[in-house]
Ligand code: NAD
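Here we start with a single chain on its own, the form predicted on its own, put down as structure tokens.
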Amino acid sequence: MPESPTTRLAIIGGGPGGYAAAFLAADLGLQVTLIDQEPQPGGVCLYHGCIPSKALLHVAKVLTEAQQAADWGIHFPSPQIDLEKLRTWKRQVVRKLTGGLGQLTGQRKIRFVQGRACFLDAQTLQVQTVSGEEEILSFTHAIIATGSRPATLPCLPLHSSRIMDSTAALDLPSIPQNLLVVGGGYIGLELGTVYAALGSRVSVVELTEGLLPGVDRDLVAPLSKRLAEKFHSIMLRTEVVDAKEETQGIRVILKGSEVTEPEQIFEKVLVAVGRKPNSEDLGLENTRVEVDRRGFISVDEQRRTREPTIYAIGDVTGEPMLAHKASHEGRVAVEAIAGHKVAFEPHAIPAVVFTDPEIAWCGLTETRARTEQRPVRVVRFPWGASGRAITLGRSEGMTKLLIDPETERILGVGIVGPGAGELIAEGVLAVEMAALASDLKLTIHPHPTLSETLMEAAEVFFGQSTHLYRPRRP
């Protein structure tokens, strides 16, 4: 069995957390081996998640805006969808980005191994390559960045081409005449938006009382209203209790207070009920790494596990399962390994739902403030008072700030509307820098833009918004 040289840092998983860690480590002069099952770095986000879904959501946006143009007196013929060409374009996007990451890996002289890794002990990995070879890799430190996978439902047929998870749905095997989306979280709603724009009649089932559980209701409201028009049905407080495959589709048994037809047949079913960490089959039992009952690896503020030589980052360490969180954690872990004084302690991790309209938030939310009984002043600027939003024909949006009533420090930001994901970074900076409402108010924003809704929301706090009359409360 060939034995590879000892590496300073072994990283298992080439997603946004893994390759960000690998690149920084190499930049700091560490010898790095990066191990992943894909042919190039990128991980689930790039191959089967963030990137392909956003490419398809852009297509959905174009189709929707073409329809909306009729309100402005511009009429387009019905679109002709070339599904194979659409698939090819999506693959080209992924290929371009993964190719770029492969090039950056080579430029940094990182050893990339395509295969699976398993811990033999706290400083040794057994690596099974895709070519069938096996090697023993000794390391000084290791970072686990193995990510997560779609969760499943036991009541659904396990092996059916009519049952899709998010990965299969992004492959666009077909455009079903009718589609059931199980789960009203961000993955289900984003993919439901894509398929609805492409022509599917989409129904959504959500077990809780509202879409996007945990997100502030005032942010979700404009999206719920718009999706109610685009989707065939949205059934809340509803669950799938049974399902079986038939010739014409999947016969689903639904149970819930809003169900009018307990039995329905769908051409395809998309399961989007969350994700599970990939912490199995890593040989963690051969180390002191601890895993909780949900499969998440326990780490400290430097992302170190209970095994001093092993760190873990990203989805495998718990919520929120976000690519940008994983990237930041990866950099923190590498800094710690390099001996720098560092900790993962962000005040605001932005979250974005790339639906139409988009929803974005960071820092303290109203939901959490209410749970913690924390005093907070909430100010809102409706986009109906935004000149830019009106020129876009999208005045349903809203920008809100959560402000400490005593210090006037900005604690949280929430935005709903087109481009919310691009706007939230200013809110993240405000929270991280402990900015005051007056700082945001006095920052000159370009006009007319959606970004100035942040400034005007701060003006609302002082009762001085130019385009909204809201006298300050005594």
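In this text, residue numbers run from 1 along the sequence as written. Remember, it's a predicted structure, so these values are computed and weren't measured experimentally.
In what follows, reference is made to the form predicted together with the ligand, a form of this protein that is not presented.
Comment: 316 to 324 is the region of 220 to 228, 316 to 324, 367 to 375, 88 to 96 lying near the ligand in the model of the complex, near meaning a non-hydrogen atom within 4.5 Å. The partner is absent here; in the model of the complex, the one residue of 129, 264, 124, 208 having a heavy atom within 4.5 Å of the ligand is 208. When the ligand is considered in the model of the complex, only one residue from 258, 135, 239, 396 comes within 4.5 Å through any heavy atom, namely 239. Residue 352 belongs to the set of residues with a heavy atom inside 4.5 Å of the ligand in the model of the complex.
The closest non-hydrogen atom of residue 274 lies within 4.5 Å of the ligand in the model of the complex. Among residues of the shown chain, residue 307 is not one whose heavy atoms approach the ligand to within 4.5 Å in the model of the complex. The ligand in the model of the complex comes within 4.5 Å of no heavy atom belonging to residue 58. Along 45 to 60, a non-hydrogen atom within 4.5 Å of the ligand in the model of the complex is carried only by 54.
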